[in-house]
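The chain below stands alone and is given in structure tokens; this is the form predicted on its own.
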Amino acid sequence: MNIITNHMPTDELQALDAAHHMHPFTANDNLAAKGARIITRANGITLTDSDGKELLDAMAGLWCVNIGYGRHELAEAAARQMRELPYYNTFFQTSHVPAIALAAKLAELAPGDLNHVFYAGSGSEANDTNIRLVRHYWASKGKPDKKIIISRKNAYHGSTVAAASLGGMAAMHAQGGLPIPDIHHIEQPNWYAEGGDKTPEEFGLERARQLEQAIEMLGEDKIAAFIAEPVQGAGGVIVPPETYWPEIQRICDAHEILLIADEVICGFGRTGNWFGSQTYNIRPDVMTIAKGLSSGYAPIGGSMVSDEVAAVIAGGEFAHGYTYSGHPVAAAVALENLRILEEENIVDNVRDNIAPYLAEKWNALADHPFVGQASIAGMMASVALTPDKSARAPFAAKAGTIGLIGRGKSFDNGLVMRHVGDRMIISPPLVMTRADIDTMMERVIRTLDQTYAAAKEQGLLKA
């Protein structure tokens, strides 16, 4: 069996990695010179690297390991399914038990009338599906000109050509001729960086109303849908002002456009409810799911679709799909993951116990001399670093310079914490205990103290 537990030395692994492995979102020459961090095993909330160093994973992998590492039940579910039916497709008027059972469970868990799922292998694929789905929906209703999808700047909806076009990240759009046509971006609800003198409430309404202005400018007869994350994840854990989502929902209700909630990060307990749409009282027509659906143990994603949209799509052939749509092993793993989330009351415990405890500790970081804002929604949180708290000022140094220092210090402190520009962000497993949170926060504070000291020493505390 090719399972490498007694592995070769770290420097040899790094050399092999550099020679053959192209990493995502990475300058690979720089990484080759430095050497990748090699993770060899994990359990609970803890990663272990090839040198035996332990790291508290405050990012839950890539926002996804909701039930924590090392749950043998998921491995056993995968093994059982591989022995029984390792693969079959769902094309050609065929189905199989895991895809059917998971679809029924998702319909039970999803809010509103989102009773149908179109499977994908990832959130990126699911958002590709959503573009085709909503355009085909309108064409099927005799409105083929309704093609434009409105999204937001600094949104993240995936990394394929179509999904990266939906996303609003300038660095991604600068590569590969993006965005594709008929995608329009409005501004994000990031009060801290862009709110100026407005209150968060005023700013939230103003940013939401940009959607209505875009509808007026582009023409309601040309617009298929608006897509947004309940809380922007990869954009820096941007928690919208309280006024934002009610106004977005009002605008969508008032106009003939579909609302797509991208729940890839927010879904399956992350915000303290099963879905971020429930936390923010959003009523989507389509909901993108992935990540926490299987806690990252197997690649799977999908689009949850309302009764009305599904009924229109069902009227003819939807010429779309993937080899691995509803893969039986991934579906079996996802079902077992959902069973654990449900039977162990993990989502309820997050809402009633763990998230409020984390919020109390996290919000106290706003008193740190280096922190301009502490934001949190359930089990995802961020701090905006600043040289001048009163002015919410950015650093004079290139954006991300200080954040990168913070990221390095966090790893030194045995903590996986990510930076987005000069925001430090966390999204830990949902199975954290209060003691785990105490340990994590001690390392977070130490990291902030050390980053502040390093920035001061390097003369970087300039606005």
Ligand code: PXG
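Treat the numbers as computed from the prediction; the structure is a model and nothing was measured. When you see a residue number, it is the position in the sequence shown, counting from 1.
This next part talks about the form predicted in complex with the named molecule, which is not shown.
The named molecule in the predicted bound form is not approached by Asn130, whose heavy atoms all lie more than 4.5 angstroms from it. Put simply, His327 is far from the named molecule in the predicted bound form: not one heavy atom of it is within 4.5 Å. Taking the partner from elsewhere, Ser375 is found to have every heavy atom lying beyond 4.5 Å of the named molecule in the predicted bound form.
Contact annotation: Tyr119 falls outside 4.5 Å of the named molecule in the predicted bound form, judged by heavy atom distances. Stretch 260 to 268 is the contacting one of 193 to 201, 305 to 313, 346 to 354, 260 to 268, since its residues have non-hydrogen atoms within 4.5 Å of the named molecule in the predicted bound form. Tyr156 is the sole member of Phe275, Tyr156, Phe370, Phe226 with a non-hydrogen atom lying within 4.5 angstroms of the named molecule in the predicted bound form. Of the residues given (Ala399, Leu404, Ile39, Leu62), Leu62 alone sits with a heavy atom within 4.5 Å of the named molecule in the predicted bound form. Contact here is defined as any heavy atom lying within 4.5 Å of the named molecule in the predicted bound form, and by that definition not a single one of Lys147, Lys222 and Pro284 is a contact residue. With contact defined as any non-hydrogen atom lying within 4.5 angstroms of the named molecule in the predicted bound form, the contacting residues in 105 to 126 are Ser122, Gly123, Ser124, given in sequence order.
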